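Next up is one chain by itself, shown in structure tokens, the form predicted alone.
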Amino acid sequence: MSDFIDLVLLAMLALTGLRIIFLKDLFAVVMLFGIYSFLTALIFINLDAVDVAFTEAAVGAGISTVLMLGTLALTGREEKESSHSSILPLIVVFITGAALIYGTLDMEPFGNPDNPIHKHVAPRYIEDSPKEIGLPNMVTSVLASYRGFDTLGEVVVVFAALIAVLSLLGVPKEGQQKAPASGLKSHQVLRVVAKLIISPIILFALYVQFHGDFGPGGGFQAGVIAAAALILYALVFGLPNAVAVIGPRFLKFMAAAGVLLYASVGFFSMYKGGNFLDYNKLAADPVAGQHYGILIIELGVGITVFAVMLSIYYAFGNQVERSNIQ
């Protein structure tokens, strides 16, 4: 039954991808990309990769869809016809695809219990993680502890993406919003519903943030969910009102503070005589130190992701409002 579900979802994923290729209406393309992300999340769930599915649904189908819609508001809905021949790009795609397929020929069969990862890496985490980390959610143990340095790199990449976007688009400044609060003034139902659900969304984000040790979740998912709550507020009640709640300057501080909070755990562990991000040195009990370290670095991740996502939306929203004024 599980294999049948995988095949159905994979077929729907392929059909969605093919439809995206041939569509010229970019709004429909964005909507189909959201469906594509949801289908991918369902495949991850069926493969028991719930944490990855959580991230895919929140980022791929959620925030990314909103940002792409913001881009369409600046560029236009219809794809322009290219004056160049598509033969060369098609050849490059086929060559790249063939190279990727060739590279997978030496891979072990999917799901084979004799694969090296099932004999060395996976048993190491499964057997030793409960004693060394002490967390029920093994995904959090791997990402936040065993691969803590890699996760720090991911947070730095997110922060660097914010710097790139702000360099290109800029953000609105508090007190300089001359445009009226746009929002959806005539949609009273949406305004009432938004008031009812924004607080539960933020509460759920906090739950995901601090419950990631015991179930699916963590800083990445929590930051995106919290940012989605503020983006919903900006969409319904207008960008200037959202800027008045959390200003761009404070978001810049939050984005940097989250990265520094994460890195400070590593420097403090070195100060205590351990390696960088060695949480065992944070407390007399190594397991308790692991809990403290993971809690702090996940908080740093959540703060940075929240600030980056909301700042990027502010940047797009500010450009859209400027174009509307002009």
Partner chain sequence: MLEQHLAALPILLPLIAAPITLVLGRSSFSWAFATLISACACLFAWQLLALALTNGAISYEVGGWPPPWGIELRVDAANAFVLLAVSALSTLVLLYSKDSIEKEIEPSKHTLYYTAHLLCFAGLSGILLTGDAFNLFVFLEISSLATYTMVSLASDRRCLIAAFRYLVMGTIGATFILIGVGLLYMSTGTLNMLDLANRIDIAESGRTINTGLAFIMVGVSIKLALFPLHMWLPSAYTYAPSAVTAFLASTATKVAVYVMIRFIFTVFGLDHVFGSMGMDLILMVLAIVAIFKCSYKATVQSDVKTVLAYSSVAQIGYMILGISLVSATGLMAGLIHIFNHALMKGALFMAVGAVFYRVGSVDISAFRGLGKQMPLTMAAFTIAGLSIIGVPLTVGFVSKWYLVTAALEQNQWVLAALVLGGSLLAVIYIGRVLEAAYFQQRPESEKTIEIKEVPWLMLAPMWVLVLANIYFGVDTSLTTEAASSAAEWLFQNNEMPLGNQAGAE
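Basically, rigid core = biggest C-alpha set you can superpose within 1.5 Å across the two forms. Residue numbers count along the first chain shown, from 1. In this text the structure is predicted, and so the values were computed from the model without any measurement.
FYI, the form predicted in complex with its partner chain isn't displayed, but the following is about it.
Contact with its partner chain in the predicted bound form, defined as a heavy atom within 4.5 Å, is made by none of Ile198, Ile202 and Ile296. Checking Leu152, Ala226, Val208, Leu239 for any heavy atom within 4.5 Å of its partner chain in the predicted bound form turns up a single hit: Leu152.
Only one segment in the set 127-135, 189-197, 226-234, 239-247 has any non-hydrogen atom within 4.5 angstroms of its partner chain in the predicted bound form, and it is 127-135. Its partner chain is not drawn, but in the predicted bound form it has no heavy atom within 4.5 Å of Gly289.
Using a 4.5 angstroms threshold between heavy atoms, Val265 stays clear of its partner chain in the predicted bound form.
Using a 4.5 angstroms threshold between heavy atoms, Leu282 stays clear of its partner chain in the predicted bound form. For the stretch 129-161, the set of residues having any non-hydrogen atom within 4.5 angstroms of its partner chain in the predicted bound form comprises Glu132, Ile133, Ser145, Tyr146, Arg147, Phe149, Asp150, Leu152, Gly153, Glu154, Val156, Val157, Phe159, Ala160, Ala161, in sequence order. For Leu206, the Cα coordinates differ by under 2 angstroms between this form and the one not shown after the core has been superposed. Core-superposed comparison between this form and the one not shown: CA of Tyr102 displaced by 2 Å or more.
After superposing the rigid core, the C-alpha of Asn112 moves by 2 Å or more between this form and the one not shown.
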